[in-house]
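A single chain comes next, written as structure tokens; it is the form predicted alone.
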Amino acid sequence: MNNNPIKEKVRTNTILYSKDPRDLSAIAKNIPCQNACPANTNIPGYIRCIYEKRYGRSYDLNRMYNVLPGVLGRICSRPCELMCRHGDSDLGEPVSICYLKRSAADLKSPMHRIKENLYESSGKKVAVIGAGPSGLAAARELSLLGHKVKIFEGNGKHGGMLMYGIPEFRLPRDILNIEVENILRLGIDIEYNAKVGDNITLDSILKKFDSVILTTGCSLPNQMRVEGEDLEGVYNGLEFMKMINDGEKPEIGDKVIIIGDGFTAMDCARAAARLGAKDVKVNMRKTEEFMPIDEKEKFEVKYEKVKFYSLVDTQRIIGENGKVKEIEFLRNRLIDSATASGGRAAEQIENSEFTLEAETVIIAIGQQPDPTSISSKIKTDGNWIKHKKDSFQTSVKKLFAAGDCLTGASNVISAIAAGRKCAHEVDNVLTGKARKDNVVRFEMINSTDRQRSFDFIEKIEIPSLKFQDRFKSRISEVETGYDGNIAYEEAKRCYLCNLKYEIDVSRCIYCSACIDVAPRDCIKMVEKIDLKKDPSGKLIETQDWNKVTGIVIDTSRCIRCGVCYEVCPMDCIYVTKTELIEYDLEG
């Protein structure tokens, strides 16, 4: 490659790199899983490596973008799977992308050596406040870019919500600690129990460092503001999970009521069951279909004998002698609403009060950022930090913010992606230039060994502990993971949407053999391509042979089965591997 930044297209031997908006638009449409991943992880690339049993390379491909593959392979919210083409209504179920990510981490050799691409020292110092997912991702990226990084962590351990908010039966701490240590070993300093705004000031940090990134997450639990919320036996979800993860064993009794319907609520319910509670109820304002968790998590919670109660609204918590005795609810009904998620809102039904006995109530209805606890200098709009549009810079000079403390509660993969993007912006400011950018990489290949029979392999669920084995220990990991054989079979299911099948119209004889064998309507007779409505090209079809200007493969419908390639008598179908990558603009 030359040392000049890519402007349009640059060719090196048989490889083409492009920043053309049409190519960027096309890859977003044609590789929906990667486009859905906030970190833009090269999903087809790492799944292909698992198929080839190159687990170390698969792990490295993951780690380039999502930083903590072994962690995310267990607890990611899986936005990629929602967009997997294999999950289309006529194609079956999505590929288990998340579990394959975990497989790369689990199955790589114990001798696998992690390699880092390091820039020379910049002489600049950057502080990161918070050692959660976003802070760790930002610190790693800045360290790779040659800056000296120090993390200030308010707790006694690193990981943020990964350490204190997620139970060990979902995320073993040895996995978390190994991946965090692989970040810190880059020479990143970390100071624990450094509570900025308490025993250390933001001003003192700003004076010592060239830039500071705030990644304190959402540490302020939402409250219901109902009578009895301060009774003994009432916990907020974060407080309860932190106690569990610190090794405490709170006395919760037999009857536990959870208020909330998200992942934290589910973790609290499952943790309560492991503490010995006999009757655990999850109560939600709407119905199960609106829960912000996936179907797998719903199944696991129910499998562990937790009961779901829908359409109830908490009115008050009733106590006796200062302790929780029961909780009063009103029943709800769903109504149409243009402003509610899913178009339905919950409305209380008058005079529908009822009570349930409870010895413990856990309120897990979300949390919000609390930037003013860091410094009164930080200007906010409500609890959100004021910042420049399309930037991570805050209203305070040299101070940036990323992750949940800036956006409100999201998920781990989004926080990691934000940390890396913020790091690149900080690097641009410190060096006065952009040193990395996303480009599309094209590589011509002769063919693909993916077989049509792979399309009919059914999704393989991850092996898990049996019910009776889940409660022998509070920290036994429930999902035991794929072995090599299972991972290989599941990896076969990936369509490899990074393979782009195209027809050389100059050689095509319009025999339509490819159309006849295509299992989907993915090969079309086209009159023209409209670039105005879609930068990557909207196909305008025709059935009139007099208007046909070419037979074209619609890559958004193509499942890369290869049958068109095999039957073409003129060998005019060719395959290109396309990948969205981070390109080093300095060569």
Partner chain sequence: MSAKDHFIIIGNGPAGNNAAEVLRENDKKARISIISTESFSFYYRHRLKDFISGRIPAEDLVVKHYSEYKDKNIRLRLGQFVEKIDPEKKILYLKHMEKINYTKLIIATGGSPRILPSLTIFQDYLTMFSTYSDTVGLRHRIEKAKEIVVLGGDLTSFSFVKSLVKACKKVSFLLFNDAFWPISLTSEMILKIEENLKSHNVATFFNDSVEMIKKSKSKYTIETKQNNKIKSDIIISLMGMIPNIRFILGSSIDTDRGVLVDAYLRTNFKDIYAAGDCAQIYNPILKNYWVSIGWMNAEEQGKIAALNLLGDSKIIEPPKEEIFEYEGIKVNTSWWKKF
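Only a predicted model underlies this, so the values are computations on that prediction, with no experimental measurement involved. Residue numbers count along the first chain shown, from 1.
Although it is not shown, the form predicted together with the partner chain is what the next lines describe.
- Exactly one listed residue, out of S453, Q468, N321, T339, brings a non-hydrogen atom to within 4.5 Å of the partner chain in the predicted bound form: Q468.
- For the options D504, D516, E288, D189, the one in contact with the partner chain in the predicted bound form, meaning a heavy atom within 4.5 Å, is E288.
- Contact with the partner chain in the predicted bound form, judged as any non-hydrogen atom within 4.5 angstroms, is confined among 330-338, 217-225, 370-378, 112-120 to 330-338.
- Taking the partner from the other structure, the partner chain in the predicted bound form has no heavy atom within 4.5 Å of any heavy atom of R173.
- Within 4.5 Å of any heavy atom of the partner chain in the predicted bound form lies no heavy atom of I457.
- The partner chain in the predicted bound form comes within 4.5 Å of no heavy atom belonging to T480.
- By the criterion of a heavy atom within 4.5 Å, S352 is counted among the residues contacting the partner chain in the predicted bound form.
- No residues of 481-516 lie near the partner chain in the predicted bound form, the criterion being any heavy atom within 4.5 Å.
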